[in-house]
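As structure tokens, one chain now follows by itself in the form predicted alone.
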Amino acid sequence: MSLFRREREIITRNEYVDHFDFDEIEEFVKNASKELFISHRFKTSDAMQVQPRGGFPTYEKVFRLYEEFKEAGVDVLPLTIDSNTRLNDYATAKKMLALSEENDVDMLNGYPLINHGYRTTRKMITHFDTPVSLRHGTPDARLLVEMALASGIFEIEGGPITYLLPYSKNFPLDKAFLYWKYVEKVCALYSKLNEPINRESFGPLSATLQPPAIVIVIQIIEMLLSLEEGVKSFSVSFSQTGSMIQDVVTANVIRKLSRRYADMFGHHDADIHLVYHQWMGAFPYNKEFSDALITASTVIAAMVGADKIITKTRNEAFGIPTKEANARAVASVKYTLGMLKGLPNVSDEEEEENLTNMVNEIMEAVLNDSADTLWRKVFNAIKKGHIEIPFSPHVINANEVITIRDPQENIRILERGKLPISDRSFAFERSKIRLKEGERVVDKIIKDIGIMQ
């Protein structure tokens, strides 16, 4: 028995998990319907895949949610995991699940997959025969991902940076890298049995004034770490910035540089896809304005040629959206996409050049670190502040970069902290910023965060 198999057996031998039958799971994956693999959809469909968000504690509610989504024409189903499971607290999740089932009240903010078990969940996944995306936010997702793959969920979101720095304060970064290395290995292993398991990074980060240069660097790094372990299908992503032209520029650069860095590291056979998240910031309280925002982001997703769009609802400002609101959003986005044919190609050469330069400058500093592995180079880069996520709560994050919007609503770097971007690139960023006389930066940031309200 290999050390890796031994490690997998130890991780899956958990008091909250029924016996893991690896042979049966491999046979299931080998013979699973290709309709469950989004990597297969990407290969065989030219249409943008539409995926909502959503998850409930009980099996019955998730089943009904999926029925509603299918009725609305969904392409990819979501499975959002509850926050106790995200923290590996399966005991509390078990108690809250029991209360939810007994009282028909949602005591969890998502589906506790560990407690439901893969045999039960697989019945639902195979019933709908549609790709399901696992959304969680877990630094240590080893058991969760084993359970998801055994259930027939063949797209896994997250990564050691994007599921740590925006979500956690104290979880050790080096452990997150090693735990996600395990996840990548399992995904690569199962990819050999059927269609590839798709891995997807989480580009929105903290969803607060994230400069595209940092987003793209982190997307490329998580892609390279995944491909390094043998994953063959990967999705980079970013969220609506609030500036249409900045979204177009970001899409052009992330698509170009993801391919370039994958090839540079010898991953010529890897498929790379682009995912666009509708507005992740604070939504307006006026639901008609929310509808307009969702329609505008759908148009942008079509302009940038995204392979998948992740939708929002008109109810975002009022708490967790209902299944009906989510299904209505899916139908609306599908309707809008149906009208958007033959859009012109748009670009801004000056902006694309500067963004490309900034990404390359940061990547050069990361790769020039003397550490012997990529993850250690990245770990060191974050410790040095060469990579940071603005407004991250994590203790290791430098929190020295300050971002605000320019008059065209593009997100600009006002203070670069220790980001290794050149004086020329930084001067370009600063040249676009206009602060009114006497205007305080903190007031500008607050205004810029609430731009859509």
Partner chain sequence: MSAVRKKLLFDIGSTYFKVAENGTIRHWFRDFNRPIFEDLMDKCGDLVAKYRPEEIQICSSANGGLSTLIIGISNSFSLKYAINIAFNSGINIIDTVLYHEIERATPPVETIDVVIIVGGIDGVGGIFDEKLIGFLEKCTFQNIVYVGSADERNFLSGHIRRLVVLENIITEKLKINERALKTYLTDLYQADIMGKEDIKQLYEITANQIFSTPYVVNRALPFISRRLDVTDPFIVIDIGGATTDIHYSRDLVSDNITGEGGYDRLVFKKLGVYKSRESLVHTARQNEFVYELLNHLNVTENVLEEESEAATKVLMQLAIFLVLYKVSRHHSEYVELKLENLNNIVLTGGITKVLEKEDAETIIRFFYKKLLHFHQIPEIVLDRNYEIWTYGMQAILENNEATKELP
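Positions refer to the first chain, counted from 1. Because the structure is a prediction, the values reported are computed rather than measured.
One more form of this protein exists, namely the form predicted in complex with the partner chain; it is left out here, but the text below deals with it.
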| item | value |
| --- | --- |
| Heavy atom within 4.5 Å of the partner chain in the predicted complex - residue from R259, K94, K383, K287 | K383 |
| Listed residue that, although the partner chain is not shown, lies within 4.5 Å of it in the predicted complex (heavy atoms), from L343, A371, A98, M339 | A371 |
| Segment that reaches the partner chain in the predicted complex - one of 106-114, 172-180, 349-357, 210-218, heavy atoms within 4.5 Å | 172-180 |
| 4.5 Å heavy atom contact, S33 to the partner chain in the predicted complex | no |
| Partner proximity in the predicted complex: F379 to the partner chain, non-hydrogen atom cutoff 4.5 Å | yes |
| Partner proximity in the predicted complex: R6 to the partner chain, non-hydrogen atom cutoff 4.5 Å | yes |
| N399 within 4.5 Å of the partner chain in the predicted complex, heavy atoms | yes |
| Interface residues of 9-28 toward the partner chain, as seen in the predicted complex [heavy atoms, 4.5 Å] | I10 |
